[in-house]
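In structure tokens, the next block holds one chain alone, the form predicted on its own.
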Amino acid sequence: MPLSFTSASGILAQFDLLAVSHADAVTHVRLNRPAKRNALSDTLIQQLHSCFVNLPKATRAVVMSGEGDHFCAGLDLSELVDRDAAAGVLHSRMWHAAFEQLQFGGVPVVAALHGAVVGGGLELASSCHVRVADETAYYGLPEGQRGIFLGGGGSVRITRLMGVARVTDLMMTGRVYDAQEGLHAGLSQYVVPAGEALAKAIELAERIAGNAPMSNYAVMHGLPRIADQSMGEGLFTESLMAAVAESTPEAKDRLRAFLDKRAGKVVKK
């Protein structure tokens, strides 16, 4: 049965550039600047940060999408100003703080991608944990043609998804990937027919929301850090995360249900 989303209340209802709604354990955060192809202004970045700090307590997973024909066409170039180096660093760090709240917040984020996923839009998507693209999605990093450089964490996150060589190619040549190329490069984990990304993202978010919260938290916070560590450090961190996750009452209940044959086995659907 499809989830029935209702508009959020309180601070989440005050954002003019985001539309936030909630159903059961899933919160839907939609970029709401369709006339600007959901370009990321400073105000929108600040609203994203505030939104993810103030998610409803019942939230166990988030779906991120974009209103209109595009997910996000990147930085709002109309806001570029003549900053000195110090101001430029602070501006980039503002983006970092917002996107770190997505990646290393309290709950997993599933992105529904369609149309343009470009520049800062790809940086935003790369901070989410699962990405579903429909066949209209396309990816680019036009910073090289604009005379600028990645500033929203993309040089770290996107290179971890697709590799330095591919990012270099996109930035230097202006190459654009279609949905299938993005899938093969690691920019998404799913590709679905046009118009179906949001429904698939909600389906996955429901499934993720049904996991043990500490298991989700361990995956979100442990895996990327382990990937950056040496083998010895990574194995030790893994042991700590495994011990924490399996010690929770919910984990004990789920393991007992499996041993008592009250939980399903892994099958190929």
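One rule holds for the numbers: they count along the sequence shown, beginning at 1. Computed from a predicted structure; not experimentally measured.
Although not depicted, the form predicted together with a small molecule is the subject of the following passage.
Enquirer: In the predicted complex, does every one of F5, L12 and V53 come within 4.5 Å of the small molecule, counting any heavy atom?
Expert: Looking in the predicted complex, the three residues F5, L12 and V53 all stay beyond 4.5 Å of the small molecule (heavy atoms).
Enquirer: Partner absent here, but in the predicted complex, which of 70 to 78, 102 to 110, 129 to 137, 174 to 182 has residues with a heavy atom within 4.5 Å of the small molecule?
Expert: Going through the listed ranges, the match is 70 to 78.
Enquirer: Report whether the minimum heavy atom distance between I148 and the small molecule in the predicted complex is within 4.5 Å.
Expert: I148 belongs to the contact set for the small molecule.
Enquirer: Can any non-hydrogen atom of P142 be found within 4.5 angstroms of the small molecule in the predicted complex?
Expert: P142 belongs to the contact set for the small molecule.
Enquirer: May I ask you to state whether H28 is within 4.5 Å of the small molecule in the predicted complex, using heavy atom distances?
Expert: Taking the distances in the predicted complex, the answer for H28 is no, it never comes within 4.5 Å of the small molecule.
Enquirer: Does any part of A116 reach within 4.5 Å of the small molecule in the predicted complex? Heavy atoms only, please.
Expert: Yes, A116 is a contact residue.
Enquirer: Please identify the residue among L48, L204, A61, A39 with any heavy atom within 4.5 Å of the small molecule in the predicted complex.
Expert: None of the others qualify; the residue that does is A39.
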